[in-house]
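Quick setup: one chain, the form predicted alone, written in structure tokens, and binding and motion questions come after.
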Amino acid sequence: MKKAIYWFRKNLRVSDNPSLKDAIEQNDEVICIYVRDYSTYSPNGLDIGEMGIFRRKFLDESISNLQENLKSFGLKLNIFEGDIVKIFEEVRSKFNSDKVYGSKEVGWYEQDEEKRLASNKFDLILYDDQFLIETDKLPYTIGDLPLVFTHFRKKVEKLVQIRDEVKISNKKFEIKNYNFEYETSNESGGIEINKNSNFPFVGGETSALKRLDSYLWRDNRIKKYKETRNGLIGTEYSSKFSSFLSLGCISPVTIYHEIKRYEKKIIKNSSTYWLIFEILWREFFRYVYLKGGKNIFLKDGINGNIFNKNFKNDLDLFNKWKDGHTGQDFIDANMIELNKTGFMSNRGRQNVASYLVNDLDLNWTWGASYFEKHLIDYDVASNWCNWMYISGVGNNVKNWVFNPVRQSDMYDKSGNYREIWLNKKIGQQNIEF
């Protein structure tokens, strides 16, 4: 009798999940496990604490939804907390299998987990479930990955064919219950969503697929994505796919092929291309992380401090930034939105990051760590590589500096966004150039 452990990580879905498909089809009994961890990374000089309440809420909702969706295959999701090796040792002892299917991850912590399990004689069968482009199809070795995204994009667009989506057979197992010492329950809900939140969505695969359908087909929003993507207010100015992608509630391959179907049936334009363009940025940063490793967490990043910035560790200034008390309205409004909802627009993220680095002259890794704590759509590669980019220590050759007064006049000319989060009337500000 063939038995296997299926290890869910950041691929909390059943659709287009190649490793889950093979685990189900190649074995007579499968036990599904998820090891929950609310910890976050704290750079030197900063104690960032555990995962923020909104990010945690979205994770718990996604786990709950996965539990429900697995039932159609006769599978139970066993949730654990604790040391990864001790958990797997207990599962191996009671389930009598050391064969583990799962997805590869790019984080150093996740890679360390894989090494620890392998050294304890677990047979790991890991897939590129979370990639748009599998590692063996990349037109570079990891070591030869270019510094500049444009070079990566052009070569990928020319040479790489995206794999087809996969579907799991109708095979159904008989649910068996095991008494595990490290097993825990999962609770979701209980956190009130701010009435002004631009991300009121529930976590999970079911919600992800509904969002994909509504953004493309029902509401046709993708048609004007390029024109609206720099918005600040509402749910529809951007796709909001990133949060679902960050936990693997939906695969980038599914989104890619759905956009291609939309282009064939409805319209192909600069907006449909631009959403694929953004997914390629996400993919690029995953490989940047694989190449750069732990360097992406260091102040000098992967490219060195070529613009000679100071990156000071000033806790008082940092606290003003994180609490939305800098006195700069556009920056403060964005930080308050993050603190009250767990979300911030892409335009806002670029501005608050630039302000921390260029105006306050602070350590960018502190800002990246704060985002890690709070952002519902936190993704280790996208977050840290984007912060490196803005800070001038990553995949860039230009020193990016955003003027928040000019930016607010361009993207919040009416002041409506700032009024929502600052709870005060915004008058016309003088524009600085």
Ligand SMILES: Cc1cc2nc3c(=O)[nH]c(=O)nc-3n(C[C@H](O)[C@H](O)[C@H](O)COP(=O)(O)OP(=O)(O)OC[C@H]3O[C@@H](n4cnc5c(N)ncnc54)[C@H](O)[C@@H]3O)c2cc1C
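Just so we're clear, the structure is a prediction, and the values are computed from it rather than from any experiment. Start at 1 and count along the sequence shown; that's the residue number.
Keep in mind that the form predicted in complex with this ligand is missing from the display, and what follows is about it.
Heavy atoms of residue 156 never reach within 4.5 Å of this ligand in the model of the complex, leaving it off the interface. Although the partner is absent from this view, residue 241 contacts this ligand in the model of the complex, with a non-hydrogen atom inside 4.5 angstroms. Using a 4.5 angstroms threshold between heavy atoms, residue 386 counts as touching this ligand in the model of the complex.
Although the partner is absent here, residue 289 sits far enough away that none of its heavy atoms falls within 4.5 Å of this ligand in the model of the complex. The partner is not drawn, yet in the model of the complex one stretch among 58 to 66, 403 to 411, 378 to 386, 29 to 37 has residues with heavy atoms inside 4.5 Å of this ligand: 378 to 386.
Interface residue among 350, 328, 303, 254, judged by heavy atoms within 4.5 Å of this ligand in the model of the complex: 350. Distance criterion of 4.5 Å from any heavy atom to this ligand in the model of the complex singles out 282 from the list 320, 76, 282, 99. Taking this ligand as positioned in the model of the complex, the residues of 321 to 354 that bring a heavy atom within 4.5 Å of it are, in sequence order, 343, 344, 345, 346, 349, 350, 353.
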